Structures are given as C-alpha cells and as structure tokens.
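A lone chain, given as structure tokens: the form predicted on its own.
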C-alpha cells in the first residue's frame, strides 16, 4: 500500500496520519485510493476477460465501492443490504453475483428482476425457492451451482468453506441432481459452477487442488449434458500480513489457464475481497494509557475488538506501527478498551520506549474485514472511515 514514513511521521497516500487525526476522532480507518486502484488493475490485467466481482463483505465503504465500480469490476453480495449498496455505488446488475447460504426472498426477487449476473445456488433445497422468485418476477434467472468438493485447504479452520462438513455449498453426491432440477425448470438457466475454496490462501498447492476440482466438475457436468459456460473461483487469494510479498493474480492466472487447458469455451469469474483492499487500509488508534504489570508493558488504546474484531475472532496478526517513529523501541502488548480478556490487538509489538498517552498508532492491513466487522460492543460508536489520495489515470487493462 502507499504507506511510508515521511521524516519519521507515518503518511498514507501522501497525507500525514496526524493531519488526518486533526480532522477525525480516533479510532478511524483511512484507506489509500491509489492502492485500491492499483490492485484492481493488477487483477484485471491478469484476467482481462473474466468477471472480477469484489467481495463487498470485505469493505462496504461507499467511496471504495464507487472506485471499484469505476475500474470496471463487478461485485459479490450476500444480503439485500449489500445488493442496495452495490447498486447505489454504480455496479450494473450484469456485474453483480449473488451468494449466500440463506438468501432472503426479497434479495432473490430484486436480483432476478434486475438481471443479476448469477444467483449461486448453495443447496438443492434452494432450487424451488429461486424458481418461485423467478416466476413471481416473470423472469428467467441465471444460476450457478456452488459445489463443495470437500477440499482441505491450508487456512484458518474458520475460513474453510469448501471442506467436508461445511454448511456451504452443494455436496458432490447432489450436484448432478441439482443440475437436472435446473434443466427441468423453465425459470432457470444454468450459467456455470462456483468453487470458492476458502479465504486467505497463500500456497500454490491449494490452488492446484481447486483447479483440479473445477476441471473435474466441468467435465462431469458437460458429459452429463449440462452446458457449463462459467467457472467462478470465488475469492481466496490471500495476503501475508507481513513485509513479505503477497501472491499475485498473474501467477494465479498462469496456474488456472494451465489447469483448465482444453475446456474452452469457458468464462472465468472471481470474487476477491481481501487481496484488493486489505493493504489499502490502516486503523488509527490513540494511546489512552501505558501500564506496567507482570513484567509487561500494556499499551491501552481507544479502539479494540469493537473496531477490529479479527485478532479476537481468528487470532489474526496485524502489524502495528507508531505514527511518530523514534528509537529505542521496546516490546509491548497493545490492548483495547473493552471488558474482555480477548481484547488484545497484538503482542510483542516493538513500540517507542517513551510511548505515552495521546500518541497515535496505526494497525496495518485492515482494509478488509475491519470496518465491515466493527461493532458497538460496550456501547462504543463505530469507527469512522475516510478515503485518501488522488485518483490515478484511467485504467489501461
């Protein structure tokens, strides 16, 4: 992301963080617009003919959504509220993918009436509900089968959504029956299959298994007479949350095109969220007090699990940088203000030895699943959000 120290003061997209904090109470999220645009363009360059549908659950801030829509991306929604946010941000219905394991009737009807790109069926039991919604709207619904191939990918157990026993997706033994039910319903049109393996995938071997599953199911369905035209790989491409480089869409593209060779015509679709926006965001918090106890230094800040839930929920690790850098640094445990023992943002963080109340800290790589998971626990207000940086020239992809 466009985050660096300018004369020992942290800057995002050319703006100093202290200057932002003068205009906005902490805690708040600041997002780099150039970072979002650069990553959107990198994904489109890697897959120029694919539908790149941003996973709106990762970040629902309207200016970011408008920026991504302007870059030509689509969007993946899982609720009626997300559908409305997507449409208000300028995403045309033909670039909106509808996911979820408990879609409301209202969402189905609005999406079908508008002509959503695809309704991804999560269960055999969902087929008659989509048929009824399409009939009520007097429309034909494009649908895809979300297949759960039972893959054990290398990620946090809470982020696996295509493993055996998961409540997401159609299990293998039901896929052909679901395809048949779609074929027999005049209100439905089979667009393709959906194979979202889980979030935060870093290993190429995990994608090999996903691509192999896609190849297998395209072949099986086509052999059975069902015209599969699209494979949606969902999201999954992760970031390292460290200084190490992230996996890149270009490398993923080579792997997928090699694995699916000979299956044309076949359109690809993706639903990236984290990879596009995580690096773009920082959570800015203010030190309330520094406490020395049990041989440790506890730095209490004004935003914890209410502002950033991921460390408490997943044990996620985020780097934390002082907004004003100075030496020497000493380890500290950064804790939030909430009355929970799990309200710990990070341990063993190297922070200035003279850190004191009023100092600002930046929690890095929080552009995804930060503000979107924020909550009002302990009756605290939700963190504010802002977009920083000038627009880049028009996309050339």
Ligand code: LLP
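Positions refer to the first chain, counted from 1. Given the structure is predicted, the values throughout are model-derived calculations rather than measurements.
There is also a form predicted together with this ligand; it is not shown, and the following applies to it.
Out of the listed residues 192, 236, 304, 281, 236 is the one that sits within 4.5 Å of this ligand in the model of the complex by at least one heavy atom. A heavy atom within 4.5 Å of this ligand in the model of the complex is found for exactly one of 68, 55, 52, 363: 55. Contact annotation: residue 99 falls within 4.5 Å of this ligand in the model of the complex, judged by heavy atom distances. Using a 4.5 Å cutoff between non-hydrogen atoms, residue 314 counts as a contact of this ligand in the model of the complex.
With a 4.5 Å cutoff on heavy atoms, residue 274 counts as touching this ligand in the model of the complex. In the model of the complex, this ligand lies farther than 4.5 Å from every heavy atom of residue 28. With this ligand omitted here, the record of contacts in the model of the complex names 265 to 273 of 132 to 140, 181 to 189, 106 to 114, 265 to 273, defined by a heavy atom within 4.5 Å. Annotation for 362 to 377: interface residues with this ligand in the model of the complex are 369, 373 [heavy atom within 4.5 Å].
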